[in-house]
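Only one chain comes next, encoded as structure tokens, the form predicted alone.
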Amino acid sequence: MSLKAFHVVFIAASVLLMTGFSAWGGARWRATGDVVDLGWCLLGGMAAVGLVVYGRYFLKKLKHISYL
């Protein structure tokens, strides 16, 4: 597995993790109504979006390098 392929897999796993973290924060906020939990939800969502943007940038930058 090349470094590029590992990087893509790692970014995808990180996006899934941040999406789950955001969902967890949203569920806690609905249950408790605490503003801190809403902050965790928003922070996780912004991190997931940021990682997707970074992933697209990374793939565009290294499109000439193979995955092998």
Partner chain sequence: MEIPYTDKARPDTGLYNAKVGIWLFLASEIMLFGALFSSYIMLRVGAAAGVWPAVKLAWPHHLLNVPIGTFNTAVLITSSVTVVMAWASLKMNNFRRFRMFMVITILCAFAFLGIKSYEYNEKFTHYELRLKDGKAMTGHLEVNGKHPGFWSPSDLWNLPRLTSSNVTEVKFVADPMEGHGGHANHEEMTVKVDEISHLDAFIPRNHTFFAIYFTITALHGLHVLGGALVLAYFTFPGAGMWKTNPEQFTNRIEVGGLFWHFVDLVWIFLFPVVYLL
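Positions refer to the first chain, counted from 1. Keep in mind it's a predicted model, so treat the numbers as computed, not measured.
The same protein has a further form, the form predicted together with the partner chain, not shown here; the description that follows concerns it.
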property: 4.5 Å heavy atom contact, residue 14 to the partner chain in the predicted complex; result: yes
property: Contact flag, residue 40 vs the partner chain in the predicted complex, heavy atom cut 4.5 Å; result: yes
property: Contacts with the partner chain in the predicted complex - residues in 13 to 33 whose heavy atoms fall within 4.5 Å; result: 13, 14, 17, 18, 21, 24, 28
